Ligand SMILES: NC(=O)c1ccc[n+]([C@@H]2O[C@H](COP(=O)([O-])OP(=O)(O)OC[C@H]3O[C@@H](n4cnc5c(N)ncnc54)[C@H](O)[C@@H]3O)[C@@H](O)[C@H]2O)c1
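One chain follows as structure tokens, the form predicted alone.
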Amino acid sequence: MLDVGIVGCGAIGTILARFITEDASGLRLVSISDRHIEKSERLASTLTPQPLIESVSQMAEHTDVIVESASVSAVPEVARTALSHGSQVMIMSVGALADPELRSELVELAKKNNTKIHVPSGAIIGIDGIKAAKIIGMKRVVLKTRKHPESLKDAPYIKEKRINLDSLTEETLIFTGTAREATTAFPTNINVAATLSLSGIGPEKTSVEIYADPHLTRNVHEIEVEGSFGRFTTRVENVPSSENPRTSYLAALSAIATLKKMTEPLQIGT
């Protein structure tokens, strides 16, 4: 039995908590945490059995894995605390790992304490192919993301550039740059760029294009990869989470799949 703690009781944290308590075998939700205590209390009241409501340090004392589903700013504390206590950590706000210093620090901490950092594939597909292709090298990796303007409004880049998303009547390219730049410009919208770049050729070499399209009802991610192995393209049209339109439902499902993989004796896929 794998004892799980969840930090962040928003869209992904809620979906995970309900799955573990209602449907999962081999997993046990023992603790939850959120900087807004009322969110923790509200979620706990809907679960049977009810998990403890604890701080991250308290949680790390008795869990096997801590899931960070809070925010990019929460990642350093959650990951450092979990890894220092020998607990595994799953990072959903993977944009934080675009910072090479933090990433290196956490990897060394995981090695020192003989534990692991897990990053689910999130809202994209094809990570298995990218990891395989990386072995012999890739020349080009491009992510093209299309979202409804409403889900992009709070991004720092939109405010800095004073982009009026309400005025858009058709698909419009609003950002082009590296994955590193994208995760800074859109910290809560483009975790897929960080996941893609970390599994492939890195944040500085992975290209990202972000489009706003007022006609979309789904989040669309296209990936183009070229290398010595050949070429492949993937496309996924994600239904937004009912809990939060900024989050794709597939991202929460990938977190569930990652947790299940930790408990299963048969491992399939790269």
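Residues carry their position along the shown sequence, with the first being 1. Every value quoted in this text rests on a predicted model; they were computed, and no experiment measured them.
Below: the form predicted together with the named molecule, not depicted.
Self-check item: Contact segment among 227-235, 204-212, 35-43, 59-67, judged by heavy atoms lying within 4.5 Å of the named molecule in the predicted complex
Solution: This holds for exactly one stretch, 35-43.
Quiz item: Since exactly one of 98, 123, 182, 83 fits, which has a heavy atom within 4.5 Å of the named molecule in the predicted complex?
Solution: Contact with the named molecule in the predicted complex is made by 123 alone.
Practice problem: State the residue from 163, 133, 74, 152 whose non-hydrogen atoms include one within 4.5 Å of the named molecule in the predicted complex. | Solution: By the 4.5 Å heavy-atom cutoff, the listed residue in contact is 74.
Quiz item: Given that the partner is absent here, does residue 8 sit within 4.5 Å of the named molecule in the predicted complex, heavy atoms only?
Solution: Yes, contact at 4.5 Å.
Quiz item: Closest heavy atom of residue 93 to the named molecule in the predicted complex, within 4.5 Å or not?
Solution: So residue 93 counts as contacting the named molecule.
Quiz item: With the partner left out of view, is residue 197 within 4.5 angstroms of the named molecule in the predicted complex by any non-hydrogen atom?
Solution: Residue 197 lies outside the contact set for the named molecule.
Quiz prompt | residue 251: touches the named molecule in the predicted complex, heavy atom cutoff 4.5 angstroms | solution = It does: once the named molecule is placed as it appears in the predicted complex, residue 251 has a heavy atom within 4.5 Å of it.
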